[in-house]
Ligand SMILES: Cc1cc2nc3c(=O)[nH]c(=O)nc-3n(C[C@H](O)[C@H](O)[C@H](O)COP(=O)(O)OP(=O)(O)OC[C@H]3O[C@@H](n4cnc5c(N)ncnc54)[C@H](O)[C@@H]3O)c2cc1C
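Presented as structure tokens, the chain that follows is alone, the form predicted alone.
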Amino acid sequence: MNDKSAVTAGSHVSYWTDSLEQPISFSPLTQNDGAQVVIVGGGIAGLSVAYCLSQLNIKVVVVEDGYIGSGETGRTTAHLVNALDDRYYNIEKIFGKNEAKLIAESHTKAIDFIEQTVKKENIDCEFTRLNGYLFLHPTDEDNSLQKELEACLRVGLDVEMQEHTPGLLNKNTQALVFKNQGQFHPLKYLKGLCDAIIRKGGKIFTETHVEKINNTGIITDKGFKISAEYIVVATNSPVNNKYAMHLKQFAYRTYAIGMLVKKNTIPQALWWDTGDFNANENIPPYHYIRTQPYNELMDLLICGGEDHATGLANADIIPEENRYGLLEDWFNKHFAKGEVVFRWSGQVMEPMDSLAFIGHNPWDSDNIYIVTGDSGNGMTHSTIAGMLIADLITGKENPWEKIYNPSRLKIIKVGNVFFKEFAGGFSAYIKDKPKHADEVKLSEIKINEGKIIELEGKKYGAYADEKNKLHLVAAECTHLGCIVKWNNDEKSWDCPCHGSRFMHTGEVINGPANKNLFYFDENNPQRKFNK
């Protein structure tokens, strides 16, 4: 793994990564070790699990193949909410009213847990309680907010309808107000969790790639083993589950911009619209906004959205790099104009029924657990995972276990939406697949351009970097062999089937793939590839 991919999963750097004095790193694993629990993944999910277990005096080891938070935690916008991406009136239909109450409770308790942990461990991560405002997208039904208000009141949330929305240019915009939401600096929070884990005797290793996972522990690509009684895989998309989980969730790219505005001109709050049903009626992409103190004169307004299925940005004829302009246009229309100083994107795993998968890995040994399916609410779902998996490992009864069980299958209640999305994504992929070998010569590839080419009957991904050096990789994803597509925004090869992503030099940066693309060394006449 090169230095860039160790710090962040793409060419853009988020505000969170940029604002740290230095990346959060530890030594790589250089010898065999052992623990009661080994956790694969150093984002908020893995560290929340490690923290909760360490508080019970359980010996934990965390292994991360980049730096801490270099995956999706460092590319989030860090909303802490019980106002979920998927409406509660839909969640009630899928899970039932009693279960919907438990779901709301779990996210509320996740925010409380973060607040309590910040105080207990004295973590300086800018945690703040604030209101969140959900307002209607013009493509949504007029009664959507009223239906959601009634459902939220049934599940016990502190919500009310308000005829004016602070912060919006059109203040006469009706919105649901969700009280006692939260926000924080996610990487500063992770640093605090790391310090607390180490104080309790835990160990953390970074730049350590796990190659094999089984019921006895993990083995790295350097051949070192960590033996453990329990294994937790918290890698955003599970790298130890080849088929089962990837038929129950989809990978989406989501985009964010950071705009400077004069300090205190916009109130501190969270905002979301209800989603663009013209863009996708099944999983409507929505916009989400928060404030962030920047310096003595300016605040940073972080706006996200313009989602699309990973690797399929061109399905709606809008390349990845053009999404930021759409975000800026939307923001200027609804808020205030400002200077864009940050651009980045992230990956969201959208589960078939709106909730994360947390618990025992299906069809696997009883001592192996996974965390995946963040559904756009990764900060709270990951915190729920910390509390829930700690209870599962210690044998403590937890009312959320059944709800988040990765083996659940809600096909009857979400089947139409699920299969439309599943079939739609794959039909777009299959339709485009015969054209994957672009009609272009290697010499014709422009600087900072990536193309799929065919050489000697095999497909390769070819990218010319800013110095016009050519990089060739095998074009088949190492997960299940789908042909990758070039992401010209983050300068990565993205798999449209299950969301695996690779650096232009072939290093894997997102699962479910866990092996690098074969990389062609142009200086080697024998055309050897590195794994």
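Just so it is clear, the model here is predicted, and its values are computed rather than measured. We number the residues from 1 along the sequence you see.
Omitted from view is the form predicted in complex with the named molecule, to which the following refers.
- From the list 362-370, 233-241, 168-176, 330-338, the contact stretch for the named molecule in the predicted bound form under a 4.5 Å heavy atom rule is 233-241.
- Scanning E320, D273, E72, E306 against the named molecule in the predicted bound form with a 4.5 Å heavy atom cut-off leaves one residue, E72.
- Contact with the named molecule in the predicted bound form holds for none of T17, V38 and K203, as no heavy atom of theirs lies within 4.5 Å.
- Remark: T77 counts among the residues lining the named molecule in the predicted bound form, judged by a heavy atom distance of 4.5 Å or less.
- In the predicted bound form, the named molecule lies farther than 4.5 Å from every heavy atom of S354.
- In the predicted bound form, the named molecule lies farther than 4.5 Å from every heavy atom of A100.
- Using a 4.5 angstroms limit between non-hydrogen atoms, P406 is distant from the named molecule in the predicted bound form.
- Taking the named molecule as positioned in the predicted bound form, the residues of 32-50 that bring a heavy atom within 4.5 Å of it are, in sequence order, V40, G41, G42, G43, I44, A45, G46.
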